[in-house]
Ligand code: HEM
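Given next, in structure tokens, is a single chain: the form predicted on its own.
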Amino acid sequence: MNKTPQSGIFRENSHHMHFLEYRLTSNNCNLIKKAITEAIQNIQPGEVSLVISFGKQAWQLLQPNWTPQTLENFMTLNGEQGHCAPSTQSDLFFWIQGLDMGVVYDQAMQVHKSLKTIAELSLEQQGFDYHKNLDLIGFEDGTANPKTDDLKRSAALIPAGQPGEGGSLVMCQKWVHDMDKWDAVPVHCQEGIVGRTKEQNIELEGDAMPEDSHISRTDLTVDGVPMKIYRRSAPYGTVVEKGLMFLAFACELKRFTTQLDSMYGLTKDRKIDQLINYSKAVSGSYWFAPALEDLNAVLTDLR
């Protein structure tokens, strides 16, 4: 039987998102499961969707019998030229999205009210759709995503026959943009840094594509296998701080680690992704979003 992925992973029509990460303060499995069950009950599928993911230690606490083969904690990367991707690994991650900001916020409040007895909030960020999928730097986000539903599922979901099949490995990072520095860069130079034209969103080709552009450092193939991931990122911002909540789903952790190593110069050529000179990662976590059957089995198995 094919297992059912959490539907929110593939919902692409939302305008508002809420990111919540928690660190467990209790090791009582029954209390944790009851709190999570309460947090996700009474969801209105047409109005809001919620994806719940687990850090490695939290998953093994609640489900000691198996773990996805490649699931690990996010470890800090110290890259070239002083760049760093910090680890802020926690235990539980709730990603809420919907069309109405008020409904999304109500669901976030329900999650927090239910979890605060067994966990402490370690990260909270609201996100939004900015002018139909633009990042705040003015370029379209997610253009490298697989183009069909089948290809998206192939990139995002753990294959049948593996532990965690139908679920997904998840990476979430909060990036803070230096918009003053970015806005001072001429558009044609911005295009070289990203690897796409800004207005037409056309990928640069041949000699026009720098080896240290964002696309060059992240569109990778390893041993003949394209390292495709399914991006679901969301811009966030106030008048003071602006950035991107990078969120992506993959069938194996290697799809994330190869991209990060390439971005931070942890490769033979030691080149960095030039975009990280204008945007800084301030958080980093890996997660497992189990298939619905596995999630339900964990939450109903009270000891």
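So that there is no doubt, residue numbering starts at 1 and follows the sequence shown. Just so it is clear, the structure is predicted and the values come from calculations on it, not from any experiment.
Keep in mind the form predicted together with this ligand is missing from the figure; the text below concerns it.
Tell me, yes or no, whether Ile229 is in contact with this ligand in the model of the complex, where a contact means a heavy atom of each within 4.5 Å.
Contact with this ligand, yes.
Do Asp129 and this ligand share at least one heavy atom pair within 4.5 Å in the model of the complex?
No.
Would you classify Thr143 as touching this ligand in the model of the complex, given a 4.5 Å non-hydrogen atom cut-off?
Yes, Thr143 sits close enough to this ligand in the model of the complex that at least one of its heavy atoms falls within 4.5 Å.
Hey, in the model of the complex, is Phe139 touching this ligand, heavy atoms inside 4.5 Å?
Result yes; Phe139 sits at the interface with this ligand in the model of the complex.
Which pick from Gln190, Gln125, Thr218, Gln110 sits with a heavy atom within 4.5 Å of this ligand in the model of the complex?
When this ligand is considered in the model of the complex, the option within 4.5 Å is Thr218.
Looking at Asp100, Asp178, Glu203, Glu80, which is the one with a non-hydrogen atom within 4.5 Å of this ligand in the model of the complex?
Here the answer is residue option Glu203.
Indicate whether the candidate residues Phe246, Met263 and Leu275 are all in contact with this ligand in the model of the complex, with contact defined as any heavy atom within 4.5 Å.
Looking in the model of the complex, the three residues Phe246, Met263 and Leu275 all sit within 4.5 Å of this ligand (heavy atoms).
Using a 4.5 Å heavy atom cut-off, which of 101 to 109, 88 to 96, 159 to 167, 195 to 203 contacts this ligand in the model of the complex?
Going through the listed ranges, the match is 195 to 203.
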